[in-house]
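The chain below stands alone and is given in structure tokens; this is the form predicted on its own.
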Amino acid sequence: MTNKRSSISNKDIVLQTASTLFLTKGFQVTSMDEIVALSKVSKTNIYYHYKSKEELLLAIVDQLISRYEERISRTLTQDMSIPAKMERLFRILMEDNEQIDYVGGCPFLTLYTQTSHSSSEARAKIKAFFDKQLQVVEKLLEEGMEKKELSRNLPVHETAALIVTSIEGALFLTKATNNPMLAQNLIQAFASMLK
């Protein structure tokens, strides 16, 4: 335990602890004292790295976005069909939810709904992430239609919006109903619809 902890910086320990609490308990109800107690990092040390709870939130949002974008980017560069890339993209956006009990079903939805309007920077970053995902899906749809791997009659912008919003809805409903098959059924439905 000591070796593991010493190989991770206090800053990273705090980030991991706060991320877990914000995503599974909620940003508003998590106190800095609770982060201190669970991370076993002093309050002084935490405030050295993060000047406020909101600054800590921004670091978590940045980390989440970076992690998802890296995984999505790897998928987009793989040599596979467009339908296979679309399915992999769906799974990337859904797979963490099988392991982590996010309050709102999706880490971004959880953080967005848990932050007040005064946390406009965090909300803007989350919005930008989803705008980028819409662009990624639109590009995949266009590429799939050009390669004749997807139906040529798809309205690209509207279909991309349907896909991204359906994924988010499925994540929330999977959480709310405790039915993991909702997300799986969505993947299968889109695979059929896009042909």
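Being a predicted model, the structure only gives us computed values, none of them experimental. Residue positions are given as counts along the sequence shown, with the first one as 1.
Another form, the form predicted in complex with another copy of the chain, is not on view; read the next lines as being about it.
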Review point. Only one of 142 to 150, 56 to 64, 40 to 48, 22 to 30 gets a heavy atom within 4.5 Å of another copy of the chain in the predicted complex; which is it?
Key: 22 to 30
Review point. Given that the partner is absent here, does S166 sit within 4.5 Å of another copy of the chain in the predicted complex, heavy atoms only?
Key: yes
Exercise for review: Mark F90 yes when one of its heavy atoms lies within 4.5 Å of a heavy atom of another copy of the chain in the predicted complex, and no otherwise.
Suggested key: no
Point to revise | Exercise: S9 in contact with another copy of the chain in the predicted complex, heavy atom 4.5 Å | key: no
**Study point:** is_contact(E70, another copy of the chain) in the predicted complex, heavy atom dist at most 4.5 Å
**Key:** no
Practice item. Scan 157 to 176 and write down, in order along the chain, each residue with a heavy atom lying within 4.5 Å of another copy of the chain in the predicted complex. Key: H157, E158, A161, L162, V164, T165, S166, E168, G169, A170, F172, L173, K175, A176
